[in-house]
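First comes one chain, alone, set out as structure tokens in the form predicted on its own.
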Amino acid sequence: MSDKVEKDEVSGTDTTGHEWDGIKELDTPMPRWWLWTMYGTIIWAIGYWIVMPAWPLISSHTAGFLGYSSRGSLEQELADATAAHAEDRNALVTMELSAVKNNSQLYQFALRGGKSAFAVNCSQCHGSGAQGAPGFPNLNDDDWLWGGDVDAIYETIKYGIRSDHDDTRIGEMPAFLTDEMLTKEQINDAAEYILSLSEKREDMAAVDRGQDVFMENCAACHGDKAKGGRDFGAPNLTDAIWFYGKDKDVILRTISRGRNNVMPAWVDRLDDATIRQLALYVHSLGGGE
């Protein structure tokens, strides 16, 4: 094997000795600027490892010479934002909720904060537009189980419904079939009567029998005229606004097995200013009383 380096006849550049199908590889050096750029990135990487959090450890990571933390930076930004609005938040906590609307600047502050808090904490159940879903109330209409003025909304958000808080709102829809309080026939008649309150029914004999069943078993909560009762969170059955759906099968299931959804208490999860912002925001959606 010869030690002599072969040169390319056209360019005069040394070859590496590699050849593929008659094509010889030239030993062309990398551009100087490219090499210096590569060396610079290596130096930059070493410096970054030293000054910034970089290396993972068993239970944490290296803090870096600067001690920077993106989490710490975010916490500081949040603290600064909270401090900037401290005056408005304090005013919101001390003022009567019904009076906040009379203070335009404070009311707008509450609505902006409430909208943001709703998106983070409430939209998962009530929907991004608060339109609700089967089992989750529509907050845009004027149909309220526990009251729709801003103070009632505030109490509902704060303590929840059937939550684990001592001051929660309590209401229970019994399971009339599961607990053997009514027969299937009686439940069917009751469903026919309930549907007749908001739409025309053909089986009037069942409706008449169902009215008797309703008066004996349901009127204590829903009222003699089935208009509902806020003391127990009993819905109005005459307005064609249905919590779980208006199909007869759905109503039969409700009467037979009961309904006891839970609204969480937010008093231990959110501060009072945020709960007040939420109450004012929900009240402003169009259905507040």
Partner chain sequence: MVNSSVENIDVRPVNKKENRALFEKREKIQPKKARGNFRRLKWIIMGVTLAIYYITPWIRWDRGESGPDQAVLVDLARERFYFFFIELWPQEVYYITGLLILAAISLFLVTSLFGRAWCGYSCPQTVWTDLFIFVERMVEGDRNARLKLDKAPTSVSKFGKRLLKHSIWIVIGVLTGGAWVFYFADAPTLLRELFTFEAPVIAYSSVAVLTATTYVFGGLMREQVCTYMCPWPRIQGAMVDEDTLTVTYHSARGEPRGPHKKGESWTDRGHCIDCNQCVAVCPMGIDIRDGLQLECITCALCIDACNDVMDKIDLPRGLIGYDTHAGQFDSNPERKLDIRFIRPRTIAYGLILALVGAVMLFTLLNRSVLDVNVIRDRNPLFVTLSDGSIRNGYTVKILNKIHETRQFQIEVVGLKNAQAWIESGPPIGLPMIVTVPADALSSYKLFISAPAQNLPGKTSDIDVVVTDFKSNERDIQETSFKGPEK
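The term rigid core refers to the most C-alpha atoms you can superpose between the two forms while keeping them within 1.5 Å. These figures come from a predicted structure and were not determined experimentally. Positions refer to the first chain, counted from 1.
What follows is about the form predicted in complex with the partner chain, which we do not show.
Colleague: Report the residue, out of Ser98, Ser128, Gln76, Thr178, that has at least one non-hydrogen atom within 4.5 angstroms of the partner chain in the predicted complex.
Modeller: Checked against the cut-off, the match is Ser128.
Colleague: Check each of Ser163, Ser116, Asn140, Gln211 and return the one that places a heavy atom within 4.5 angstroms of the partner chain in the predicted complex.
Modeller: It is Asn140 that has a heavy atom within 4.5 Å of the partner.
Colleague: Would you please decide whether Tyr107 lies within 4.5 angstroms of the partner chain in the predicted complex, comparing each non-hydrogen atom pair?
Modeller: Tyr107: contacts the partner chain in the predicted complex.
Colleague: Look up in the predicted complex whether Asp27 has a non-hydrogen atom within 4.5 angstroms of the partner chain, and give yes or no.
Modeller: Output for Asp27 is no: heavy atoms all beyond 4.5 Å of the partner chain.
Colleague: Any of the heavy atoms of Ile43 lying within 4.5 Å of the partner chain in the predicted complex?
Modeller: It does not: once the partner chain is placed as it appears in the predicted complex, Ile43 has no heavy atom within 4.5 Å of it.
Colleague: Check whether Ile50 has any heavy atom within 4.5 Å of a heavy atom of the partner chain in the predicted complex, and answer yes or no.
Modeller: So Ile50 does not count as contacting the partner chain.
Colleague: Tell me, please, which stretch of 166 to 174, 202 to 210, 140 to 148, 185 to 193 lies within 4.5 angstroms of the partner chain in the predicted complex when heavy atoms are compared?
Modeller: Residues of 140 to 148 come within 4.5 Å of the partner.
Colleague: Which residues within 260 to 289 place at least one heavy atom within 4.5 Å of the partner chain in the predicted complex?
Modeller: Result: Ser284, Leu285, Gly286, Gly287.
Colleague: Does Pro31 show a Cα shift reaching 2 Å between this form and the one not shown after rigid-core superposition?
Modeller: Yes, shifts by 2 Å or more.
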